[in-house]
Structures are given as C-alpha cells and as structure tokens.
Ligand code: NAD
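In the form predicted on its own, a lone chain appears below as structure tokens.
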C-alpha cells in the first residue's frame, strides 16, 4: 500500500494498493494476448485511434492538470503544458503508422525489401518528476508501431497514468493494448524487466537503477532505452547578452523545483564577466515566485516528498558557500528555496552529483578551452546551454561539449519532433523525433527471386 501525499500541503490524498507480481504478470498477459489483433489493425485505423486518444486527452486537459498539481506538486501552468504534451505526442505519432515504411534495396536476380515489424509487449517505466510527458514519450511511438504497452508509473505519482489508461479506453483503444500497473519498482517494475513476454523496456530514472535494468534485460536479451541522470552545464561567455542569460538562468534549473534531468545545475561563467553577471543573477533569482502550485502566478512549487527534501538539504552541509537564496512559503509542504552556490570548484561534490533540487553551482572559467574541459568533467551528458554572440564559438563549443541536447542562447532541450537522449551515463538510445517508432520494431529483410524457372 502506498500513501499518496500532496507535496504542497503534506496532506494525504489517498491510499493506493500496490500491484503484486501476479497482478503485473496478468497485465503482461493481457497485453500479450492483445498484441496480434493490434498488430493487424490497418495503419490508417491505428492512426485514427491514436488521433482520437489525443482528442480525448485534450478534452480532459484541465482534469489531468489538476491531478498532477495535487499528486506531484507541479505548478498549474506546468501541469497544463504537460497534459498538452501528452496530447501533442499522441497526435504527432498518429502520423507514424502510415509512414512506417521499409526500403527496396537493389539486388541481382530479384527484389529485396525490408519491413518494420512490431516487437510485441513494451514495458514503459516512468519516474515521478514528469509523470505524464514521459509516459507519452514511451507509449505513443510504441503503440503507433503496432506494439502493446504495459505502463508502470512511479509509486509516488500514479494518478495521472491511471487516468490516461481510462481515457485510452474511452477513446476506443482496445482492451489490453495499454495496461497501467501501479506498483513498486522492485515488484512491478522488475517483473517487466525479467518477464520474457516483454520485448522492450523504456526506463527513465536513476543511474543505479538503470544499470540494474540493463543487467536484468540481459537474461532474455531484451531491448531497452534508458534516460538517466544529468548534471548539465549552462555556459555563459563574456561576449553574451548577459542580461538575457541571467534572466533565463533561474528557470533553467529551478523549473519543477530542479527535479529535472535536464536542469542546468552547473552555471559556468567566464571570469571577466562574473561580478556583473552575479548581480544580475541575484535579481533574477529573487524574482522567482515560489508558492501554491494552484496559483497562476507561481513559477516553482515544492519538492516531491519529505525524504527528497532531506536529501537535497544534505548537500548544504556547511562546507559549501551559499551566495544567495530565494524565498519559500512558511508552513506545511516540502518547500526548498532557490539556492545559488558560489564560487564552486569543478570537482566539488555539488558540481559532480545530481542534486535534483533547486540548487545551482556557479563555476568560473577562463577561456573557451577551460569551459569545454569543465563542462565535460562529468559522468553525465544529457543537455546544456551555451551563451555567446560569436557564431563560430557557438558551433565549436556545441560540437565539443559531450551532451545529447544543446541549446545556444536559450534553454530549450526537449521537443517531441526532435531526438532526445544523453551521452555517457545519462543513458542509452534516443526517444522522440521522427525515428522513434522504428526503435520499437525489428527490421525484416525479404528477398523475392525474379529468375525464370
């Protein structure tokens, strides 16, 4: 049994039974039984069902957003965007069934063609920080390619996933095609990893759990996609528009209370611009509105749980220099103020470990080479930003930084129509973009002889 708590008030929402291993196995069985019929659905009909699913989600945007505000503590603005992202991802991949084309390859003596065949049952294991979007990023291309899906939300934030499962039925998605199992990682999640009826697992979460999933998938040579941690660099050169860079920096790391793998939690500032930049940054951090996530004016809400707040607090142990902090509400809820640490050395713990909270480390650098060295001094490589008015520098640094998703003079990282994924221990594989459905297929090659007999 899991107790669900509103992070902004510490009030209990409900008690939810955790799915047992047998219940998870039964869900996998239903998805496996539904696969042959779903695979056989004509591409145009599968596309129409996904478009209808997107429309039903759109009809329930406000309801889904309200669920996420209460269950995850997301601001109402973010929660509406997240529900809208589910709609948009479903709509985008509704175009895939009729475009999942193979190839005709020139050969002697016949015709050679390839087909993209669906894998079967796909397990999608979702974290608590972005419950709705990350569920959609896995399930939408998998369904579009003709697979069935068993979706396991995080223990702390299952409510939006359960509602999406209901909306799928309402949209006409057949029984068994999208199963939602609310359970713990060691029980429900692990069964998805080890059950031989599951052909692929998509996991977003921590590096240690990702490594365990890799090992578990090896037993049946199961395919997997992993999106793991991040410690992304926000690099500000002295020639940049410093006002724009400082104004945008807070929400590049404090959005969703810093509970974001793409958070630019290392702020690298060229030494010659550091003093002026820090003054601009302090003003920007002071203006971040932290408060009731139901308020339209709120920019940052609480952390997900008391335990997570304690973990984040543990990084501020008196051995780090706090330059300045923002303000948070008094009273119940798992609040943590926007916090700027400076100066920080590249090898310090707060510059190397993923804090996953509203804490940014300011690291000075001297020149372009120094910035690249510091940015790459991390086991992670998910995202990052580069601020400069020099186009040549922007291109050089973009190519040199070891990260899967970079932005120049902005903090954009994730668009559903472009690929998303990381280097190094930030993960394996790519999600989203036009090629994502192919990641849920096998390529089959067929040669047809045309020789006279």
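Numbering follows the first chain given and starts at 1. As the structure is a computational prediction, the values presented were derived from the model and not from experiment.
The same protein also has a form predicted in complex with the named molecule, omitted here; what follows describes it.
Contact with the named molecule in the model of the complex holds for all three of 125, 185 and 190, each having a heavy atom within 4.5 Å. Contact check for residue 420: a heavy atom falls within 4.5 Å of the named molecule in the model of the complex. Heavy atoms of residue 145 never reach within 4.5 Å of the named molecule in the model of the complex, leaving it off the interface. Although the partner is absent here, residue 205 lies within 4.5 Å of the named molecule in the model of the complex, judged by heavy atoms. Heavy atoms of residue 229 reach within 4.5 Å of the named molecule in the model of the complex, making it an interface residue. Only one segment in the set 274-282, 327-335, 164-172, 206-214 has any non-hydrogen atom within 4.5 angstroms of the named molecule in the model of the complex, and it is 206-214.
Proximity to the named molecule in the model of the complex, taken as a non-hydrogen atom within 4.5 angstroms, holds for one residue of 270, 75, 129, 234, which is 129.
Proximity to the named molecule in the model of the complex, defined as a heavy atom within 4.5 Å, singles out one entry of 79, 96, 154, 360, which is 154. For the stretch 378-392, the set of residues having any non-hydrogen atom within 4.5 angstroms of the named molecule in the model of the complex comprises only 382.
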